[in-house]
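The chain below stands alone and is given in structure tokens; this is the form predicted alone.
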Amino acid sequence: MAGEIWVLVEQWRGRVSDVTYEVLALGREVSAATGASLQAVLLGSDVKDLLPTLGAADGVLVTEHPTLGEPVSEIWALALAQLVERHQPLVLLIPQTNVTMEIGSLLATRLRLPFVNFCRDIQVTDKRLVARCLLYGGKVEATVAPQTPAVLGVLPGVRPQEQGRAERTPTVTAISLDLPAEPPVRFKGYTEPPPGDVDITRENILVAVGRGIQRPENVALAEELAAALGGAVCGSRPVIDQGWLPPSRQVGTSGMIVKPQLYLALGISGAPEHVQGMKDAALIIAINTDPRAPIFSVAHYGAVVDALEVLPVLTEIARSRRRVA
């Protein structure tokens, strides 16, 4: 198979996102199966310090421009369109997160290329790329063999990120592009989380609440348990949509991807969008009144019981053990 395997580097605020290494690990497998080289595509305004972190790729294609400093979908898609037209890769793999989610569709539309979204795996069968992807919020899994060149949006968690890291300096190719100095869409700024709020992606222990918490005042019970365990509270989308927790506490494909040592899911049914955000936690304990709740399929331990009945008991146990310690 001709061409190269490209992986778009998701980077913002001066660091490469973990999902990039996951997709690089997948890209390395596709590269080995096709015999094509693996190239990381790095866009930005001052990104030279990020190059040593991309050693899993055979090479890095770098484009620096003032308008690429922040991942604005329209501008990045314009830059990628020029790169793809010029170099004709076999496939471009784009991490599927809030930062880069819109880029693939914009790029594919601009170049009239096949676009497969929400890929959870990619294989090479009979010299053709075959992608497994999720439809309708994960309720349907489809197998797609797109014509190449193609653009594929890849979900987080496809491979362990450690497999996409390497202590090696890749070959770097700097590429200049013709980009507008005054683009039609501009980055204005980030909406920061409330002062004093926690970063749930850095917490080792998370107490997650869903619809089963029933009322906003019951979130306080989860806060008490989290405090006793030395962790933080997060939630599924319905809880955030109702304003019971701030958006910075949402776990899932439209929120944060978390990998704590302990994830305690209270009253969460386990929709695919939520599971994608927490399935890589080291230990998952689910509590739900519905024995058929999908969350039990990813949990290491589970209990079919009302979360509101269990919360005070767990809090007292955690507090008593802290007193003994």
Partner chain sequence: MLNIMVLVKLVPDVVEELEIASDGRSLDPASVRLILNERDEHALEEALLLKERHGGTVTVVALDVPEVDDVLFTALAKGADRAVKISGVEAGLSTWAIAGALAKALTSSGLVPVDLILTGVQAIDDLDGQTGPIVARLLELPYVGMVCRVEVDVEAHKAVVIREYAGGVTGTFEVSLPAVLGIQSAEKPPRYVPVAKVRAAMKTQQLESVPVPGQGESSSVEILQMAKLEVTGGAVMLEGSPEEIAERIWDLLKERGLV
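Keep in mind it's a predicted model, so treat the numbers as computed, not measured. Under this definition, the rigid core comprises the largest set of C-alpha atoms superposing within 1.5 Å between the forms. Positions refer to the first chain, counted from 1.
This protein has a second form, the form predicted in complex with its partner chain, left out of what is shown; the following refers to that one.
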Practice problem: Name the residue from M101, V172, A166, L177 that puts a heavy atom within 4.5 Å of its partner chain in the predicted bound form. | Solution: M101
Practice problem: Tell me, yes or no, whether P184 is in contact with its partner chain in the predicted bound form, where a contact means a heavy atom of each within 4.5 Å. | Solution: yes
Quiz item: So in the predicted bound form, does L106 come within 4.5 Å of its partner chain, heavy atom to heavy atom?
Solution: yes
Self-check item: is_contact(L314, its partner chain) in the predicted bound form, heavy atom dist at most 4.5 Å
Solution: yes
Exercise. Indicate whether S45 is a 4.5 Å heavy atom neighbour of its partner chain in the predicted bound form.
Key: no
Exercise. Please determine, with the chain shown alone, which of 55 to 63, 37 to 45, 24 to 32, 260 to 268 has non-hydrogen atoms within 4.5 Å of its partner chain in the predicted bound form.
Key: 260 to 268
Quiz item: Thinking of Q96, R110 and C133 as one candidate spot, does its partner chain come within 4.5 Å of a heavy atom in every one of them in the predicted bound form?
Solution: yes
Quiz prompt | Sequence-ordered list of residues in 274 to 288 near its partner chain in the predicted bound form, where near means a heavy atom within 4.5 Å | solution = A282, L283, I285, I287
Quiz item: Comparing between this form and the one not shown on the rigid core: C-alpha of V9 shifted by 2 Å or more?
Solution: no
Quiz item: Comparing between this form and the one not shown on the rigid core, is the C-alpha shift at V23 2 Å or larger?
Solution: no
Practice problem: Determine, after fitting the two forms on their core, whether A226 shows a C-alpha shift of 2 Å or more between this form and the one not shown. | Solution: yes
Quiz prompt | in the predicted bound form, whether the C-alpha atoms of N204 and G157 sit closer or farther than here (change of 3 Å or more) | solution = closer
Quiz item: Closer or farther: how do the CA atoms of G231 and V99 lie in the predicted bound form, compared with the form shown, if the change is at least 3 Å?
Solution: closer
